[in-house]
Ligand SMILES: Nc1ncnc2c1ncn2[C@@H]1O[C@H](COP(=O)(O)OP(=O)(O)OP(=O)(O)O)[C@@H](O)[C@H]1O
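Below, in structure tokens: the form predicted on its own, a single chain.
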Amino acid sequence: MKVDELSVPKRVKEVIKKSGIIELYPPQEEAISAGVLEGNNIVLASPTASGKTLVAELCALKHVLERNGKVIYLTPLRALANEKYRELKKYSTILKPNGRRVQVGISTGDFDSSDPWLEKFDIIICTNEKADSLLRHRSKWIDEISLVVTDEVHLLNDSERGPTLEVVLARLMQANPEIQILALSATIRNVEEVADWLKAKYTATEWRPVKLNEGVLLDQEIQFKDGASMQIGKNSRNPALNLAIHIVKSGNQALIFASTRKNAVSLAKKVAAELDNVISKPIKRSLTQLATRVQAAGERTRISELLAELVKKGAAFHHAGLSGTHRRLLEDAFREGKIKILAATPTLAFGVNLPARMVIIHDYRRYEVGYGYYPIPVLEYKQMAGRAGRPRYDKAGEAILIAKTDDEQDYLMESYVLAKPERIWSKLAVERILRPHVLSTIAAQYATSEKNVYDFFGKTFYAYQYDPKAIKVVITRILKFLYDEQMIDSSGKELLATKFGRRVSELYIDPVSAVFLRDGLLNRAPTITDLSFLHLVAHTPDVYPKLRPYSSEVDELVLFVEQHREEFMFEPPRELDDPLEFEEFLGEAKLAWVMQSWIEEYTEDRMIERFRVQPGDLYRLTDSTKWLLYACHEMAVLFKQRDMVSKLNVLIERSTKGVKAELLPLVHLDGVGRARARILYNSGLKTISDLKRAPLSRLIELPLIGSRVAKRIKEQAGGFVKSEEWKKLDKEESPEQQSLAKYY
């Protein structure tokens, strides 16, 4: 089928053809034939790069331009949401019947907001968690949604992300039974079951625009699924590196999937050392420029320094611990063919459009605390393998697993290459996971009686797959907990959330976390300090990542706990009474200590050395701590703990910026991070007034400032810079100073 034959507005066809698409792929044709443009619910299961996003775009524009509808596009990750936003923005040149342009919006953060500003947008991209938050806040524009696109719907099977997606879909179907649902996935074995739950038709195909050759590497030989084989050279003792270098020498790129962020970084380092003699001089010059941009993206840290060094050699790592700016730089550079080898964690496989000629699955086992090593699901392997092969560039792509022995090679061939992905099963009926969803159902008044609660969860995917009585037992336990903790009230005719319960639901935290925060604030420590609040949020189940004390740290942590015993909101447990609980408490104390060091301006290098915390973990830890401190602040307001509110206000800002309180006025300036703020303060420029009065030349003399940053600081401080003075100082500044000024 040609694009010109589609029953969509002419303006949409023109935008699509301008992007180079003239004819539809077979999976796209099947979705059209199944009635996706006529409003039918569809589950479209087809391999990566088979054109699922275009089907979603066509359907979305049909709703916006012909039905005066509104579209919500759900993704599991912020990175994927940003990618879809950039793709859909190309339609914002199209005019609607009312003369307004098609408006595309995105919202992925701030879970304590109904985002009323989103009402003006026609297509709204958000993560599943953000959509759940919007539903909890009863955003008015939600009722206007006529189409839901849910990307990576197979993540219903994920124990952490799946339940939220399941509840969001069930909630949207409850709110508007006429809503159209388009569910997209690369791999669903029981697609008919998912479709039946969604009251949808389904199209499932194995068609790919690029042939996929799956195989297993043992020593220097790859055995492929179809019986073919291939020999590779040996440059090192690591077969994955040999394979990656082999593909680069042939003029292509490789993605290496590692099980952890630490392994991804380690592989990128090893690969970079081998690439030096393989990459041409023109590419090296381009990579040097890219490395400068990597360093310029935010403050200089250990992670950005390492990343820049690796990028110079044509390699990089990609994981959730990187900033959004760094991830985008790497992804764009990989698509442009500059970075030759990218070592990534499996999150990259979830939808982000980053194909490579070869995908190498370095680790097929995953480590989890308390469980040890276990094989990854076939579904996860298939997601990673699906990244192999670049449409329009490659006739085929290779996805290769690494074996160490003949027996392991046979196991990998049978258990992954030749295997079918597992069936998707709902993971909703776990009390820890279900608890916040039960509360939000009542707090947002989607259910006003116990029966209504059971009825709603009786329409979930879990209830479809299992006996609804099983989930009813868990819900009954949760309702008792919520009632006992005064989050819900059933004294009247209706089941309603209390003021406490509503606020907990809006704050998007586990009710158990809310109980800890409330009890800690009301019980109070004998001595209230910043550490009191940092440990309080570390005590909640929502803080992430959890930190476990190393055996070599235990004695020091025990001493730390004893020294600060009066500052804890909860009495430390006795090791003899419960060794496991005591170890958990030490982990919480370590986490609080890490965050205390962060706000006391320890450098990243010092913290990594002192606490053995990975840079990515530190980034995520500050993010989750900031949110929980905000929740703690809101609990203090709710329970009228006025003396704590002001302390928490300051602490939230300090944890966001990683500074002592004295630097807060300075770090609010654009371009001034913790390093520059400390330099300014120590030089005597302690306030905005000081900066306003200071000569421009004095700012430029300081390390890490430079003329351009100095000018920005002066302008924000309300100072006046004469054009003659600016030109003279800018001309006198050395190239080295100008270059350094970009980095901090």
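The first residue of the shown sequence is 1; numbering continues from there. In this text, all values refer to a predicted model and were calculated from it rather than measured experimentally.
The form predicted in complex with the named molecule is left out here; the points below concern that form.
Trainee: Please check if H539 has a heavy atom lying within 4.5 Å of any heavy atom of the named molecule in the predicted complex.
Mentor: It does not: once the named molecule is placed as it appears in the predicted complex, H539 has no heavy atom within 4.5 Å of it.
Trainee: Does at least one non-hydrogen atom of E152 fall within 4.5 angstroms of the named molecule in the predicted complex?
Mentor: Within the cut-off, so yes.
Trainee: For N41, is any heavy atom within 4.5 Å of the named molecule in the predicted complex, or not?
Mentor: Taking the distances in the predicted complex, the answer for N41 is no, it never comes within 4.5 Å of the named molecule.
Trainee: So in the predicted complex, does K313 come within 4.5 Å of the named molecule, heavy atom to heavy atom?
Mentor: Output for K313 is no: heavy atoms all beyond 4.5 Å of the named molecule.
Trainee: Which is the contacting stretch out of 23-31, 63-71, 708-716, 690-698, given heavy atoms within 4.5 Å of the named molecule in the predicted complex?
Mentor: Every other range fails; the passing one is 23-31.
Trainee: May I ask you to choose, among K281, K493, K640, R392, the residue with a heavy atom within 4.5 Å of the named molecule in the predicted complex?
Mentor: Comparing distances to the named molecule in the predicted complex, the residue within 4.5 Å is R392.
Trainee: Could you work out which of L54, L37, L704, L685 is the residue within 4.5 angstroms of the named molecule in the predicted complex, going by heavy atoms?
Mentor: Only one option qualifies, and that one is L54.
Trainee: Flag this candidate site as yes only if A49, K84 and R387 all have a heavy atom within 4.5 Å of the named molecule in the predicted complex; otherwise mark no.
Mentor: Every residue of the spot touches the named molecule in the predicted complex.
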